[in-house]
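For reference, the chain that follows is the form predicted alone, supplied as structure tokens.
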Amino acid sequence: MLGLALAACGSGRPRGEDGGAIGQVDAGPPPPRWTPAARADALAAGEAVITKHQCTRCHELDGRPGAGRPYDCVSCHVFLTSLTPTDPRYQKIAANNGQDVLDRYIRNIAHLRQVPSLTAIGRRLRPAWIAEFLQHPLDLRPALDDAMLRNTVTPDDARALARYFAAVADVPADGEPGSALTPAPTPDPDRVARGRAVFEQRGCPACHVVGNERFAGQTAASLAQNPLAPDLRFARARLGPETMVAWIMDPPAVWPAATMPKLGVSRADAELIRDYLAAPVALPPAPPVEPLLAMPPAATHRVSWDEVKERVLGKVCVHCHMNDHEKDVGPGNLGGLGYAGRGLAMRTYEMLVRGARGPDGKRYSVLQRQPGEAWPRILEVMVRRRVENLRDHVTPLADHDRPAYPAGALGMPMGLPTMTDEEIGLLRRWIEDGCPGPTRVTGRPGFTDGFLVPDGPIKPNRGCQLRAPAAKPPRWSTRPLEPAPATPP
């Protein structure tokens, strides 16, 4: 559940809408608590879905153990970016892998360092909204580049997770007794105006946006200081009215792990802010799709395999498309995060030209055009990602109506910002030049994880067509690991 943006504010470990039911809020008397049997059933069903979709690879979740490195994406990135040259762990990794490689890893980590904690989110968010978001995720946090994955959560999965979160928090799941929904009243215009004034006076715009509303003193730099702070135009859908008031008055009282501080807001002022946030927000339509589908020009210089691996495939793509023998082969290869996998590995040239498995189980080259496509598949999906970004990533104060995801092949890289024109241009030029392979052996023999996985020339070592791996691995890929140089005393 990469980047599942459900918490009302940032929290917990730095793991890091379609609003759904926007015109409805919780109503009715306090509900009865879950019976032990119903709660146990809801927890068991939800835990099965959590395991299926590997939610703990990114998120803290009700005390469940994380996936551990290297499977825990966020924990791995937080660990690496915390290292300094004087840290013994840095020195040990540098000695085993090379300081240049370690520094390259740290330098390239820009994403998956902060995601919301999902612990006890049922205390804050409406279960019906959770179920809707899981099936139709979109960007809630404009200052955060990462986004929730376009996923394989089914309606039944979403209902099971919504009931799980409700059961953990001991609140009713929508549809349970006492959780009836009624239309939200139209806020009084005078209260909306007064609420906006209180919202601004209390300094809320320092962290939050409300659609594209402009507030004095609000800057991109101030918003970037709190990347997990959500766009509050979604608050009316996400939180019930009483929960919203309680959160504004005292966030830690609603959720002890909240990082939003208690600001001393009176109940009267909290209700004014709630009414302001309950008012509908007008947004412009989404930008047109056609310009986003234009293929960037090819690089003007000849691009080697070393360059395309270093600057494009090895920078982002390999995180989901590692080789079969590595510790974490990635969901794009052998499956994960709810996906079955396509058998596509990109760590080495030999595995890249092995291609991917199609729906029929047959392999095809991602470096060539497929029926009905104008460009090689790998370029098609990188450009397609730019259309998905209309839903997945909206910069602060540039919000718009969020279109549905386009049908067809998934855009890549999933959940992350699009590849740049320069990066796509490098890959395009390399393909147009015939996909030349490596001319020398790189990596270190014996390594089975990381950028140092051995890579080298194969026969044939040129061409974008599908080619099976050598039946007998080349000698350079199977030599025993050479001992690391001794560390000076």
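Computed from a predicted structure; not experimentally measured. Rigid core here is just the name for the largest C-alpha set that superposes within 1.5 Å across the two forms. Throughout, we count residues from 1 along the sequence that is shown.
Not pictured, yet referred to below: the form predicted in complex with heme C.
- For heme C in the model of the complex, the listed stretch (290 to 298, 212 to 220, 196 to 204, 87 to 95) containing residues with heavy atoms inside 4.5 Å is 196 to 204.
- For the candidate set G122, P187, P172, P331, a heavy atom within 4.5 Å of heme C in the model of the complex is found for exactly one residue, namely P331.
- This chain lacks the partner; the member of H77, H136, R159, R354 within 4.5 angstroms of heme C in the model of the complex by a non-hydrogen atom is H77.
- Proximity of L239 to heme C in the model of the complex: non-hydrogen atoms within 4.5 Å are present.
- Taking the partner from the other structure, heme C in the model of the complex has a heavy atom within 4.5 Å of a heavy atom of H208.
- Shown alone here, G463 lies farther than 4.5 Å from heme C in the model of the complex, counting heavy atoms only.
- Proximity of W305 to heme C in the model of the complex: non-hydrogen atoms within 4.5 Å are absent; the residue sits far from the partner.
- Contacts with heme C in the model of the complex, taken as any heavy atom within 4.5 Å, map within 82 to 115 to R104, Y105, N108, I109, A110, H111, L112, V115.
- With the core held fixed, the Cα of I93 is displaced between this form and the one not shown by 2 Å or more.
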